[in-house]
Structure formats: structure tokens, C-alpha cells
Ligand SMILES: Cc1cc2nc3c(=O)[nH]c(=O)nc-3n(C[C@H](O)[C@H](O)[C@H](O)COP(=O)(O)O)c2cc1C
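As C-alpha cells, one chain now follows by itself in the form predicted alone.
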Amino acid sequence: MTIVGTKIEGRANFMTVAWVTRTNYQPCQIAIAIHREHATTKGVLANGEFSINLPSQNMVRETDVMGLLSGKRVDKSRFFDIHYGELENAPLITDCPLSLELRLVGKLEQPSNWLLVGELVAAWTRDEYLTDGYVDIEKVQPFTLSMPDNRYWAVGEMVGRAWHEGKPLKDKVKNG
């Protein structure tokens, strides 16, 4: 789960967004999929900037309410201590273990949503969430959404290493 931030009419606004994916390695680009009619969508398109804030499990209530209230009618920034980094239209949530600033570089209109692609400008975290210089998923304690049952789930334990666990099978295919 994430909380996307942008500015609407000069004020910070936030929205819960579950549909987030990395789309490119170098430069790092991340896409969000959000409904065309949301205030956040209009803010991102108008400003060309947004943030992706990764909340921890202890922020489930604050994250959920960002999807229950409309930024068209409520100042949702009052729920958070916010700050700004390099981009003036990408508000960051101080209590989130990881916050990313992105500049809009692409958009794809879908039947009901926009797929908005941002290029990473800066990332913000605190030392308490790092292990060996990398963001540590166990320390961050993120959570995810399952659909269509609409439930939040804690992220579990590590079960393997990418591009490593399958090597014995790869070698087996190569050798025979």
C-alpha cells in the first residue's frame, strides 16, 4: 500500500494507492494507476510531480482514510506531518518509512484510470529503516491490499533471493 501525494490548488493532498509498479530500471521509473476523476489524478497531471509514500503497518488507519475522503472536499494533509524535498508539488509524509519524489514522464489513458509514470528524483528514509545501506522490509513493515475481498495484509518473511533460488533448475536445463 502507498499514499500518493501531490498539490491541488496550492495545497498538499494525499490518496491511498495500491496499484503501483516499477516500470524501468535506469532511470528508475514507477507507475501508479488511479481513476481519472480523483483530485489526485488532476493534481499530478496539472503539476507533473507527485510522491509515493510507503506507510508501515502502524499507519493502516491513516492510509485507509486517505481512500475514504475526497481531496476535493477535505484537506487530507491535516492527518500528517509533511515536508518537501526537491520537488515543490510532491509533499512527503514524515512518518512513512520510505518516501519517493517523482516527476511525471508518461501517461496512458485506460477505460477508467490513468497509468501515470514518474521518474525518481529523490528518496527519503531514516537510518532506522536501513540494513547495510538498503531499505529493510522487516524494519519498514509494509502492508498490501488483496482484491476483490479488500483486505490489508502484512508482508511476511523472506522466502528466497531473486535471481538465485532458481539457479539449480536453470543449471539442470542447461546441462541436460
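Start at 1 and count along the sequence shown; that's the residue number. As the structure is a prediction and not an experimental result, all values here were calculated from the model.
Below, we refer to the form predicted together with this ligand, which is not included among the displayed structures.
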- is_contact(E119, this ligand) in the model of the complex, heavy atom dist at most 4.5 Å: no
- Message: With the partner left out here, check for me: in the model of the complex, does some heavy atom of S51 sit within 4.5 Å of this ligand?
- Response: no
- Query: Should N113 be classed as touching this ligand in the model of the complex when contacts are defined as heavy atoms within 4.5 Å?
  - Reply: yes
- Query: Is L68 close enough to this ligand in the model of the complex to count, meaning some heavy atom within 4.5 Å?
  - Reply: yes
- Message: Quick check for you: of 103-111, 32-40, 128-136, 51-59, which stretch puts a non-hydrogen atom within 4.5 Å of this ligand in the model of the complex?
- Response: 32-40
- In this chain shown alone, the residue from L145, A123, L45, C28 with a heavy atom within 4.5 Å of this ligand in the model of the complex is L145
- Task: Select from 1-37 the residues with a non-hydrogen atom within 4.5 Å of this ligand in the model of the complex and write them out in sequence order.
- Result: M1, N13, F14, M15, T16, V17, A18, W19, A33, I34, H35
